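Quick heads-up: it's one chain on its own, the form predicted on its own, in C-alpha cells.
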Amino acid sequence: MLDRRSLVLAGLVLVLGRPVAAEDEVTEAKAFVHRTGEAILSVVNGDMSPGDKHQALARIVTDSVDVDGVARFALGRFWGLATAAQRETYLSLFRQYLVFNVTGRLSQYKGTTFKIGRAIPMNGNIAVTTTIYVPNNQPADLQWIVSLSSGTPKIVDLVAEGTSLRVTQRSDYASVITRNGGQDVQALLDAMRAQLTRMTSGGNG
C-alpha cells in the first residue's frame, strides 16, 4: 500500500509531468514555426540579389528541416536496395532539389504574409497550422509537422490541403523506380539530375 509521501509524489508526477511537457513542446513548436516563417519571408520580401536569396534560403532549409530524414522517408523501401554510393548521391541530389524547389518560385511569393493558428500533438510530432496570405490569391492553410525527437525542432513534413508533401514525394519516386524495373534506384537518380538541370537553367522542373 502506498504511503502518504508516495501518493503525493505520484500526484505531482501526474499533474505536473506529462501535461506540462506536452504543452511546452506545443509552445516550442509554434515558436519555431513562427521564427522559421519570419526568416523565410524576410528573404522572400527582401532586396537581396537572387543569388544571395538562394544562399540565405539554403541555410534556412538546412537549419530548420530534417532534410536527410525526409529524403529517407521519400525513398521508402528502396533505401534498402540502394548501394552506399547511391544513397550518398541521392541525399545530395535531394538536398539540392529541396533548396531549388523553395527558391525557384520566389517572385511568386513577394508580399506574402502568414498567421500562426493552433498546434496539436500528432503521431509523436507537433502539427502547427498556419494561414498563408499570397497577394492575388485566396488564403491557404498549411500545416508544418515538427519533430522534437532530436532535442532540436525540425520540420519533417508539410501538409497542404490535406496532402502530405513527403508522402506525395515517396509516391512519385516509387513510380519512377517501378517503371524502370523496381530493383534499382539509378533511374531515379538520373531523373533527379535531369530535373535539377531544368530547374537550375530556369525551367520549372
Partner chain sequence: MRGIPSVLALLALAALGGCATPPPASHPEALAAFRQTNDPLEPTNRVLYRVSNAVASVSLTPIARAYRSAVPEPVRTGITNIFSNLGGPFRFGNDVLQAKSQRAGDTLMRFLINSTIGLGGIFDVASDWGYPNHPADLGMTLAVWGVPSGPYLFLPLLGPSNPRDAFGFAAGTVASPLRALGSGAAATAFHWASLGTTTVSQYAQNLPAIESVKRTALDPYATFRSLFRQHRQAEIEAAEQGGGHTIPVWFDLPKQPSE
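Numbering follows the first chain given and starts at 1. Quick caveat, the model's predicted, so the values are computed rather than measured.
The same protein also has a form predicted in complex with its partner chain, omitted here; what follows describes it.
Shown here without its partner, the chain carries Ser164, Leu188 and Ala191, all of which come within 4.5 Å of its partner chain in the predicted complex through at least one heavy atom. Taking a 4.5 Å heavy atom cutoff to its partner chain in the predicted complex, the contact residue among Ser92, Thr131, Asn101, Thr83 is Asn101. Checked against its partner chain in the predicted complex, the candidates Asn137, Thr152, Thr62, Thr27 yield a single residue with a heavy atom inside 4.5 Å, and that residue is Asn137.
The shortest heavy atom separation between Thr113 and its partner chain in the predicted complex exceeds 4.5 Å. For the chain shown alone, Gln183 is a contact residue for its partner chain in the predicted complex, at least one non-hydrogen atom being within 4.5 angstroms. In the predicted complex, its partner chain sits beyond 4.5 Å of every heavy atom of Phe32. Taking non-hydrogen atoms only, Asp141 never approaches its partner chain to within 4.5 angstroms in the predicted complex. Exactly one of the stretches 46 to 54, 66 to 74, 143 to 151, 174 to 182 approaches its partner chain in the predicted complex with heavy atoms within 4.5 Å, and it is 174 to 182.
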